[in-house]
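We begin with a single chain expressed as structure tokens, specifically the form predicted on its own.
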């Protein structure tokens, strides 16, 4: 009966895309299809930003960071020439270096470890049927909705203007991005070498000459026992980069997660009697327009919905998924973390996708600031998670 399940999943996905096209237009249908692709790749490859960081923090396993740096470089290589040559039709994820960015990124990094997923991680795990992520998603939506309302106040605290490296031309911006990603990958490899307890480090001890290449290093160093996992990381990075470029072309903007989840929270609040009139964020355009329009008209929402279905399909492709039911203590901590994660993502102009991937792939300095502060926050979050358990 497995063939029937797979046929049902494929037909269901195509029917959903067709329904979106009929209801909201061809572009929205294509975005739903890309969302299905994102979800299928994230779930199929187990490509987790949160997991990759935690693996490195706890065990000095650099594979996740290596794959993420590869994703950044490939996404930037696709995006930067397109944005630079689009005449303004395509825009990047560029944001100022504000106090809210620093605080929000740190809080988000800590919270995502407790929630066991960032924005994309929460969506794809919820789609796959993970009970913890199911519980986190509503609090994430609430936090994102409230955080957006407070975002103008946080930005008013001040900071530095945005630094867009595309001002120096896309070849220079891409070269800087490649060098920065290579440096991060090299540092991660060096840290793994100095930690004999790590399986990756043990394999790397036999390699006399360390290379700074973020592509060659993991291929040379990864132990055979972890080869299958390593292949999934790299395949995930390649496929996500391709989907990222297609999303940029179709949507005219980088792939995002948090805004759509915030729209869901705002629409629920509106249905319960809340009014956006006078709200400094939701009460002004273009956000007020998003609330007035059908949900499928929102670029991020329709992609998110496709992502959830894609993860569901990937998780059921080879049979029912098996998830551990979390303890009540773990569940409560994750729900609180989801609330913090949603709120702080609005302070920091996005999550691992919108701010980290989108910022770096757009050659915006705020993406690197987000990465540094969120990673520092994750170090704290991992320690708290260890004490809570799970």
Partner chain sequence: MDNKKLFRLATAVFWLFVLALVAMDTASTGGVRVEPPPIALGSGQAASGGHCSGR
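Numbering follows the first chain given and starts at 1. Everything quoted here is computed from the prediction, not taken from an experiment.
If you look for the form predicted in complex with its partner chain, you will not find it shown, but the lines that follow are about it.
- This chain is drawn without its partner chain; in the predicted complex, the residue among 161, 273, 278, 88 with a heavy atom within 4.5 Å of it is 88.
- Think of it this way: in the predicted complex, its partner chain has a heavy atom of just one of 184, 148, 101, 94 within 4.5 Å, and the residue is 94.
- The closest heavy atom approach of residue 26 to its partner chain in the predicted complex falls within 4.5 Å.
- Contact annotation: residue 346 falls within 4.5 Å of its partner chain in the predicted complex, judged by heavy atom distances.
- Contact between residue 259 and its partner chain in the predicted complex is found at the 4.5 Å heavy atom cutoff.
- Contact check for residue 254: a heavy atom falls within 4.5 Å of its partner chain in the predicted complex.
- Residue heavy atoms within 4.5 Å of its partner chain in the predicted complex occur in exactly one stretch of 103-111, 282-290, 167-175, 231-239, and that stretch is 282-290.
- Although the partner is absent from the chain shown here, none of 35, 75 and 80 has a heavy atom within 4.5 Å of its partner chain in the predicted complex.
- Residues of 301-317 that come within 4.5 Å of its partner chain in the predicted complex, judged by any heavy atom, are 305, 308, 309, 312, 316 in sequence order.
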